[in-house]
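First, one chain by itself in structure tokens, the form predicted on its own.
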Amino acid sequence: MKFFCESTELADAVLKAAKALPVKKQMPILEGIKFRAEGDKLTVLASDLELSIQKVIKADIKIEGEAVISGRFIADFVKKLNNDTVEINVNDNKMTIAYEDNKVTLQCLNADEYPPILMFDEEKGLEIKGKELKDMIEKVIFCAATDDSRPIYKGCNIEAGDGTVTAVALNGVRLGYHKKEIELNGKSLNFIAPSRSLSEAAKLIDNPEDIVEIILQKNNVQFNLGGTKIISRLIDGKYIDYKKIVPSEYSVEVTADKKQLEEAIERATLILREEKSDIIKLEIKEKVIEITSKSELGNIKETVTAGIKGKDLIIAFNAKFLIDMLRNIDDEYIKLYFINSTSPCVIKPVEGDEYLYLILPMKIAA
């Protein structure tokens, strides 16, 4: 194999593909990034068998072929290259990279051992603007579980139909829901993808105006972002019906300035830095929300003016979880709904139903 390409394009391709390298030790061959030179294109690929990322760039191919090279090394190496043309040549299972007046020679892995990646049919998928998909994923993905106790909770449910696309993620303590009204041209889909795969897909959307194509095939989903393809295995099972979790009636309704509430909670958590617990207490009464926190260092009390309908209430939350939700809301004002101190809090927009967050309270001493 022998080809020439621009170092900046090579670096972009390698660094994007490298996001799919295994986080934990797996088959040694998966520690590598695969190069395939064919026609006038170079394909750069990495995979951990759950997530695969492939980037295609233009190259001057002299000899077609394939090679697999240490992923971590090549990812670090290409970041150090200057803006110039590089020559890559593979002979006797060794790759030589020549740049300016320099060169590096690397031992290749056995390309024949690299597992095949699912090739999707060239069918037309659902199309969505990059900024819409990116925004929707980022506003719910932090609610997904990170442990393996219930694998389905490690994923995010994406559903499209009837002119809307929705994303839902939950972990048993908090839930995030976001909806976009989009022209779907009759297309529909419903799948559960690992949160890591969706997170990487969102990060790889460079131009928010680009169109992302989503295709389902067998038990996999593919996101086409121009020359970049992200392929992810889906999570089997039926996603929980979040509508059954969200209460339909409330005893307390609070309208608050989102930024003021967020900043007050952030200040209240400062005293908890050395604590194992991130619990803060909210006392809702008259026209204010009183936020208190305490530790061995001392205590903090913050007061936020709010519009309140209903009875007085004292309730506690994991402050980090609450802040995560507030940071992902763009509205100036929000509504918070409560039933009692042991029932979930639901956060919604003042108008419309574009998003919904739910968080379970923490137990507090009487």
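What you see is a predicted model, and the numbers here were worked out from it, not measured in a lab. Numbers follow the displayed sequence, beginning with 1.
The next section is about a form of this same protein that is not shown, the form predicted together with another copy of the chain.
Site annotation in the predicted bound form: the residue of 104, 152, 216, 246 reaching within 4.5 Å of another copy of the chain with a heavy atom is 104.
The contact residue chosen from 77, 142, 250, 239 relative to another copy of the chain in the predicted bound form is 77, the criterion being a non-hydrogen atom within 4.5 angstroms. Heavy atoms within 4.5 Å of another copy of the chain in the predicted bound form are found in exactly one of 168 to 176, 222 to 230, 191 to 199, 266 to 274, that being 266 to 274.
Looking at residue 285, you'd find every heavy atom of it more than 4.5 angstroms from another copy of the chain in the predicted bound form. Residue contact check for residue 297: one or more of its heavy atoms lie within 4.5 Å of another copy of the chain in the predicted bound form.
Another copy of the chain is not drawn, but in the predicted bound form it has no heavy atom within 4.5 Å of residue 187. Mapping the unseen interface onto this chain, residue 50 falls outside it, with no heavy atom inside 4.5 Å of another copy of the chain in the predicted bound form.
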